[in-house]
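Just one chain follows, in the form predicted alone, and it is written as structure tokens.
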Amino acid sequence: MNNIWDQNRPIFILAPMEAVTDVVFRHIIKRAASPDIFFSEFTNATAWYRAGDKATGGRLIKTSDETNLIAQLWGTDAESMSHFAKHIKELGFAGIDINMGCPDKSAIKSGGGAAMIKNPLLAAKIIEAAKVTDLPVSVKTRIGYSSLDEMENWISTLLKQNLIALTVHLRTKKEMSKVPAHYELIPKIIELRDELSPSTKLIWNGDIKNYKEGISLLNKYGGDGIMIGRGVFTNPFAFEKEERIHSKKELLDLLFLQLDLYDKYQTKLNRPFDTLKRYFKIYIRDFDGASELRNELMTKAKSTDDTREIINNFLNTKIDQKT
């Protein structure tokens, strides 16, 4: 079986983001500048075990060209995780990642996400349950729940689970994204990895906006890869190896592609049109009239057809003004 983690170069990954990294947006980033690995939105193993596919909300839709897609799961019940892992294998995902760092209140209330940091024994059981197939198993987490002092024990616990990779968001759950990422802790995490699980790849997450910044961080501190999340909201080309200026046409072509893919998958995803509006700022920027166009779309567009019509009218007006 081909293991997508087996790469002899820095690994770049699109971070899992709820209601963002679905089948539509993953294809946008793939078209713009593809990372080495994609993660799905995170999906509750227990909910699936109890209610089946209707509980996944379209989070596990994947296409045949997505050969580098890892399913990110969460849950607090080992039996559910084991059954769900088998299902993920059947769906053709390239790996399983377990979210043990999400600060979402509902996940934490049920004992999942970042709450796992406070329950290391259960975390170990969940990881073991996910290994029921031959898919590589990794974990994404934070350096602690409320204190940096928790880092060494928690990261050590995870490294002892013989993971293929460990992605560390370099903040605590309490810190959310309100403070700079703690890059200064990277050397200690590498030291723990080298002592406890030398084959586990270490991936850094937090405040890294693009490929260039990621390479700079790896060169300075070490590690095996970088995960970029919010950076794609300011630059959909964040994973390109050679930075360049992108034209208005390139940006709007990505938006038109997203509209088309939204229409294609809407019956399965069932997401309101207004959820698309969060993406407008990604594409409509850095050109004359961008602010006015974005404002018109935010206030007047009620459908993908409205969006296309408003953009095309804008483009035609600009052409007329030049003639």
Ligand SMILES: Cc1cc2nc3c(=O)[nH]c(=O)nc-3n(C[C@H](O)[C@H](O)[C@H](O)COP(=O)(O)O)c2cc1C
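Quick caveat: nothing in here was measured; it's all calculated off a predicted structure. The numbering used is simple: start at 1 and walk along the sequence shown.
From this point on, the text means the form predicted together with the named molecule, which you will not see here.
For the marked spot (P16, K140 and R171), a heavy atom within 4.5 Å of the named molecule in the predicted complex is present in each of the three residues. Stretch-level contact check against the named molecule in the predicted complex with heavy atoms at 4.5 Å: of 205-213, 75-83, 190-198, 128-136, the positive one is 205-213.
For R230, a non-hydrogen atom is located within 4.5 Å of the named molecule in the predicted complex, even though that partner is not displayed.
The closest heavy atom approach of W48 to the named molecule in the predicted complex falls outside 4.5 Å. At a distance threshold of 4.5 angstroms between non-hydrogen atoms, N99 is in contact with the named molecule in the predicted complex. The shortest heavy atom separation between L315 and the named molecule in the predicted complex exceeds 4.5 Å. In the predicted complex, the residues of 34-53 lying within 4.5 Å of the named molecule by at least one heavy atom are, in order, E41, F42.
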